[in-house]
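Listed next as structure tokens: two forms of one protein chain, kept apart as structure 1 and structure 2.
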Structure 1
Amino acid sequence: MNVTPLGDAALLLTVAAAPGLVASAAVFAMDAALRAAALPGVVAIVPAYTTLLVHFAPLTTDADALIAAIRALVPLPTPPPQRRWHVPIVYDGVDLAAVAAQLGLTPARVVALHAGAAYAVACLGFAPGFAYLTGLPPELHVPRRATPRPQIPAGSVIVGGQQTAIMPTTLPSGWHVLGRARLTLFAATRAAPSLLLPGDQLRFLPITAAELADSVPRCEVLP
């Protein structure tokens, strides 16, 4: 594990060297260990694909003491994901046919591949509640649009490069829209504002447009 100071109040922990955009189990393990340890002075922990950013209060602890405490936590066991989400989705996105044609597939095959995969939340970024999901089948890896759209509606299920995601709010994006879901990914008034968290698993459940209004994401706690 490499530890790099960032200014006088943060450390960047590189805990894995996974190639490409593969979420690292080591990142999730270190994140869980740091939160459980509740080290003095740590004020925020931000997981990414292969790194963790640890913010600390310089008046409470110093970088050397914190680095020593962090290194004492390893080696780490790899904890299993704690939650699995089942998200209903209507596959009627404006880009479904174009993505299928670009990949040499039928729209039905794109739907089958996308809905048949198991995804993991690697990290949050870009916008509040935006979860980068890894696990997109290689057959669906597609370059982003040459020209981003100025507005993609909230709830849109999108793909870009090696990843898929759900739009938390209406935002610009160059990712391709495959469908839509009905869920609130971010609410500042919730105890945990972001619905999806790093380490969560997710599966998409195809439904019809008539079923969308009554659809509810389901979460199961894993052993």
Structure 2
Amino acid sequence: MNVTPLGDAALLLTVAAAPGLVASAAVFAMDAALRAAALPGVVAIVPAYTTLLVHFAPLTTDADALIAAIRALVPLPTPPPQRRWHVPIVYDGVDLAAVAAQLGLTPARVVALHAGAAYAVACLGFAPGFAYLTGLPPELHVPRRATPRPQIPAGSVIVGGQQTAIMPTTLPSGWHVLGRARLTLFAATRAAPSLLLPGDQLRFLPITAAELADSVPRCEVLP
């Protein structure tokens, strides 16, 4: 593990060379160790694909002592995935046809590939409750739009680069909209504000527009 300062109030911990399930497991294990250790001065731990960023209070924390304490931590073995979300999707996004044309596929094939894949939450970021999902089939890797759209509605199912995600709130984005879901990904007043958490598995379930109003994401507890 490489530990290096990012500015004077954060340490960047690099635990893997490249993103993937192995890297995510290493990130989750170090995240668990950091949270269990509750090291003095640490104010936030932000896990990503291959790194964790540890924010600390710079005035009251000895950075060198914190680096030594982090290097001494033993990653905690994390349990295997415990939750698999099944999210109903209406695949009628404004960019579905254009994405299909760009990839040389039919829209039906894009839907089949997107809904047929198994995804996992690598990390959360960009916006509250926004989950970066790994597992997008390579056939669906598509460059982001040259010009971001100023408003992508909440619930939009989007693809960009090697990633796919669901928009938790209406925000600008350069990703392509394939469809829409009906779910509340983030609610500050909920006991667990973010619906999805790192390590969660996720599948998309195609439904018709008429079925959307009554659709709810289902959480399968894995054995």
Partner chain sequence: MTHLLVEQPGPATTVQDAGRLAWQHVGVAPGGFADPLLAALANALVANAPDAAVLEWTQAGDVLRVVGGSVRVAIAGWTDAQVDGVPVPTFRGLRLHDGQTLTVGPLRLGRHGVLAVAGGLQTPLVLGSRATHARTGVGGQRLAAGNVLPVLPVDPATADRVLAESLVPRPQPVVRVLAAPQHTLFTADALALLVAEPWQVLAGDRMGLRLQGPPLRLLPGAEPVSEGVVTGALQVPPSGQPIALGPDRQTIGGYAKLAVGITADLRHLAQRTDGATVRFVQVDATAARGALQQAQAELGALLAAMRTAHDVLPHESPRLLHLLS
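Throughout, residue numbering runs from 1 along the sequence of structure 1. Basically, rigid core = biggest C-alpha set you can superpose within 1.5 Å across the two forms. Treat the numbers as computed from the prediction; the structure is a model and nothing was measured.
Worksheet item: Among the two displayed forms of the chain, which is the form predicted on its own?
Response: Structure 1 is the matching one, since it is the form predicted on its own.
Worksheet item: Honestly, after the rigid core fit, is Thr170 moving at least 2 Å at Cα between the two structures?
Response: No: Thr170 shifts by under 2 Å between the two structures.
Discussion item. So, superposing on the core, is the move of Leu212 at the CA at least 2 angstroms between the two structures?
Written reply: Leu212 C-alpha, core-superposed: shift of less than 2 Å.
Worksheet item: Core-aligned, does Ala181 move its Cα 2 Å or more between the two structures?
Response: No, because once the rigid core is superposed, the C-alpha of Ala181 moves less than 2 Å between the two structures.
Item to complete: Using the rigid core as the frame, report the C-alpha movement of Ala10 between the two structures, one decimal, in Å.
Response: A shift of 4.0 Å.
Discussion item. Rigid core superposed, I'd like the Cα shift of Leu66 between the two structures in Å.
Written reply: Residue shift at the C-alpha: 5.0 Å.
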